[in-house]
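Below you'll find only one chain, the form predicted alone, shown as structure tokens.
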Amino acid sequence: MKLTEQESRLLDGEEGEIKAIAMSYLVKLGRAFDGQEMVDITYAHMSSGSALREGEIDYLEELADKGAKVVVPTSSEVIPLDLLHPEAISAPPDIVEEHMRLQVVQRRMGIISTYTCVPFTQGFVPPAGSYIASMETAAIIYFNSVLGAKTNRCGYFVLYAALVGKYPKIGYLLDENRKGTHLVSVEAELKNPTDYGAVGYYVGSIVGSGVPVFQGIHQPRQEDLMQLGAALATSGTVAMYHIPGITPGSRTVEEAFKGNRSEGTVRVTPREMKTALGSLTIARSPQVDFVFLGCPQYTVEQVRRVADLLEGKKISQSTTLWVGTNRMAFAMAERMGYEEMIRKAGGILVCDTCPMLSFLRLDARGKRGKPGPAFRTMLTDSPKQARYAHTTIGCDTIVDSVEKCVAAAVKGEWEG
């Protein structure tokens, strides 16, 4: 790779051991993918570190003890519990303690403890064309496809990128890799985010790591695009899509392909959507003991919708309802009275975490002498959550709209 004088100084250790280590990892990554140069990044979204993964928080603390600090604005991913209200979800005390320690470490390093999978809803909105480094599939695809920033699925390399403000110019940082590869014809009315998730889950299973270009999507809302992208990145490894008129630089289908020839047209009708959701609905009984909403984490408007649906009702004694969001949306929901409405109905507005990454995981429960799943059947409005929850927390799954989810939480039974 061709390095600038500053980058060479970083690599040679002239700006300290930590930056030299970070730069060496990034150079190795760039060389592995035939990268020609580094670029300056303006922002990073990284793993918080988890007490469920041995050594992660210790490693960050070790770096902090050596003076490591991020040099670009850096937000952080979800953690295994709601650190703001751990008692509300019966989080194990030792895991609470470990993540209180993590919060201190992050503060020392300049990492912002956002604990979110959707940092762009908390003010982290990098401009179109800017280079960034991100993990979390729901965030990556939104950054690329809706905001027009440029990022790869960076994984743990985000930490090293944040420490030096650099990343190799590879993958989706190169314009030639951002061109459309498949045309997708949406021939169905999309009424809610779950419908968008169904489209995404079906299309992702076909295009794999391709870059789909959508026709037939009109005036989607932010939460629709969040659900579409999360599902695309779950059934496939899609990191970018184009919706002409929405994706920056793609006013038309032709501009989205930028001279590429489509590898094929994918038709999505109500039948394909039903098939996609049906593949995730594997419960053997309509009785549901866990309803989870908020994957990706809900916006305050989505929280309001749940509060309105619950007004004057009570959650079934046999069912637990979690509504996942981030701290900024939680604060606004609290101010507006939505959190109280959900709590009075018997539900819990949860922030910071997600079931499939939480202390509910089968491996985490096994280590605590609690083999087997905490819940039998999860009902969710998110294809992504359903796909991973079955294997990570061991429950059967059902996917349906938020209205059907709330109705089932009240009744204790899904009417699907």
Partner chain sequence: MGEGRTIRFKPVLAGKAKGKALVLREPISFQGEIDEEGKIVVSGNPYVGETVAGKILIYPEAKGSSGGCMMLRLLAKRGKKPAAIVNTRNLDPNLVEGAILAGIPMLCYPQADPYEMIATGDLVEVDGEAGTLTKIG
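Residue numbers count along the first chain shown, from 1. Model, not experiment: these values are computed from the prediction.
Although it is not shown, the form predicted together with the partner chain is what the next lines describe.
Contact with the partner chain in the predicted bound form holds for all three of N152, R387 and T392, each having a heavy atom within 4.5 Å. Not displayed here, the partner chain is kept clear of D82 by more than 4.5 Å at the level of heavy atoms in the predicted bound form. Interface membership of V39, defined by any non-hydrogen atom within 4.5 Å of the partner chain in the predicted bound form, is ruled out. Contact check for L309: every heavy atom lies farther than 4.5 Å from the partner chain in the predicted bound form. The closest heavy atom approach of A233 to the partner chain in the predicted bound form falls within 4.5 Å. Heavy atoms within 4.5 Å of the partner chain in the predicted bound form belong, among the stretches 131-139, 295-303, 108-116, 252-260, to residues of 131-139. Only one of the listed residues (F214, Y160, F143, Y196) places a non-hydrogen atom within 4.5 angstroms of the partner chain in the predicted bound form, and that residue is Y160. Distance criterion of 4.5 Å from any heavy atom to the partner chain in the predicted bound form singles out T237 from the list T237, T269, Q287, Q222. Using a 4.5 Å cut-off on any heavy atom, the residues of 48-72 that reach the partner chain in the predicted bound form are, in sequence order, L52, R53, E54, G55, E56, Y59.
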